[in-house]
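Below sits a lone chain in C-alpha cells, taken as the form predicted on its own.
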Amino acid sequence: MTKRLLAILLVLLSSHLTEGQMTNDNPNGSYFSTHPFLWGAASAAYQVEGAYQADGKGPSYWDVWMNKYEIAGPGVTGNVAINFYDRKQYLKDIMLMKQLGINSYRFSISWPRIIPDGVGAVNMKAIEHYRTFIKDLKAAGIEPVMTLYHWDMPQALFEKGGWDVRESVDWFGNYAKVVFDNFKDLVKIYVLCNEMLIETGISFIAEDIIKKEKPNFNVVVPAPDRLERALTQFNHKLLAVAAAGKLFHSYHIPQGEAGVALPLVPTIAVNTESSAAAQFVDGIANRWFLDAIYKGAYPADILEYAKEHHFDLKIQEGDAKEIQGAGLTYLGINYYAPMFVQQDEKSDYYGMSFPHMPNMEYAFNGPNRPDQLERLLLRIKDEYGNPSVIITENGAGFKGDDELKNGQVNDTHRINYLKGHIAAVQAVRKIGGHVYGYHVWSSHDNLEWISGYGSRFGMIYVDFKTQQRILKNSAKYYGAYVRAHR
C-alpha cells in the first residue's frame, strides 16, 4: 500500500468517527474510541438495593446510622429502599431502561455485601448476585459502569478509624483486588470511588446528629475546626484510588477504563471583593482533587493555610505524585450546581458566606445553571490536559415537581434542567472537549441519604409503599432524546 493511499484511508476513517468515538491515551486501548457515546442513568447500592441483611451482607456505617441513630428521621432506613436487590424487581427496571433506549447504567456494588467485615472472607453469594445483574444489563444492550465505592464502608472498618486512618488505603486496595478478580471478564468501565468530598461532609453531619449537636449542613466546605480532618481523609481516599488504579492496570482488561467520580463545584464570587474567598473554596472543593490527580501536587494556597493553622495532615512526601501516577484513564464528573461565595467579615466561617441568589431557579441541590457545567468542562479541557470525561451524575429535584396526578408525573422543571445541561455537554464536545458519556442522577426516586425519601431526583417515579414504578415525563423526554442521538 502506498503512503498516499494510506493517508487517504486514514482521512476517510477519521471522517466517519462520531463525537463519541474520539481517541484518547488509555494505555489499555480506549473503550471510548470504539464505542458510541454513553447515554445513561445512575444509582447507588445503599440508596436502592434494600435487602440489608440478605445473602450474608455485613453492616455498613449507613446501616448503623439509619437503624440505630435514625439520622434521617424515625423509621427512615435503607432496609427496603426501592427493593432493587430483588431480581424480579430489577429485571422490570432494566426493561424500563431498555424502553428508554439508554445504553449505559452506572451502579455501585456494596463493599459490606462482598466482604462483610471489610477484609477477610469474600461473600460469593454477593459476587454471584452482581454477576447475574451485570449479565442481565448486558443482555438488554446496556453497558455496566460499576462503582466500587459509593459511601458504604463496612462498619467493622469504620470502627477501626475509617478514612481517618492510613490503613484505609490497604483495606480499599484489598477490596479492589477482590472486585477485579471477580468482574474483570464482565465489566470494562470502573468508577473507583464516588464523591470523596461530599461523603466526608455528610459524615460530619451524621456525627453531629448522633451527638445531638447542631449540624453544619455545608457539605462542600468543611467547617474550620474540621478542615484538618477533612483534608486528611481526602488524602487517604485519593491514595486508595491510586492503589486501586495501579492494580487495575495490572489486569490488562481489554479496553478497560478506570476513573473516579468527583463532585466538582464551580465557585462564583458575588463581587470583586469576594474573589479570594471563591478561590479558597475552589481550592478545597475542586483543585485539591484535580491537582493531585493531574499535576501531582496539592494546591499551594490550601497547604499554606494548613501550615498557618498548624494542621497535621499526615501527608507523606510523594503522596500527590503517587496519586498522579495511578494512571486513571478518565475523569468522572458529578455536577449539579455552582456555589456563590461572598466575603463576609462578620462570619466566623472563614470570613465568608454562601448567599442564596435572587431571580434564579433553585433545585433541592442548588441553582439551575447549565452554563456553569459548560464553564467547568472547558476548565477541565484547558487547565487539566483535556482528559477523557464522563458525566457520572447530573440531575435535580424541584419542590412540587414530582407529584403523581392521574397516573402521570409532569416534572417540567427537571426536563428543562436536563435540556440545558445536555446542551452544555454537546457545546463542549463540538469544540473538542473529550466528553464520552452522560448519566442522569438518578434513574429512580430513591433514598437521598439524610434527606430521606422526601426529595425525589429520579426519572422513574417510585411509590415507596407499593414499589410501583411510573415513567415520569422527564424519562420520556430523555428517552426520546437518546433514541434520536444514538
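As the structure is a computational prediction, the values presented were derived from the model and not from experiment. All residue numbers refer to positions in the sequence shown, first residue = 1.
The same protein also exists as the form predicted together with a small molecule; that form is not shown, yet it is the one meant from here on.
- Across the proposed site, 151, 195 and 336 without exception bring a heavy atom within 4.5 Å of the small molecule in the model of the complex.
- Interface residue remark: residue 319 is not counted as part of the site for the small molecule in the model of the complex, having no heavy atom within 4.5 Å.
- Contact between residue 411 and the small molecule in the model of the complex is not found at the 4.5 Å heavy atom cutoff.
- Residue contact with the small molecule in the model of the complex: residue 47 places a heavy atom within 4.5 Å of it.
- For the chain shown alone, residue 448 is a contact residue for the small molecule in the model of the complex, at least one non-hydrogen atom being within 4.5 angstroms.
- Contact with the small molecule in the model of the complex, judged as any non-hydrogen atom within 4.5 angstroms, is confined among 328-336, 72-80, 139-147, 242-250 to 328-336.
- This chain lacks the partner; the member of 457, 32, 417, 438 within 4.5 angstroms of the small molecule in the model of the complex by a non-hydrogen atom is 457.
- Here is the short version: of 365, 386, 232, 255, the single residue with a heavy atom within 4.5 Å of the small molecule in the model of the complex is 365.
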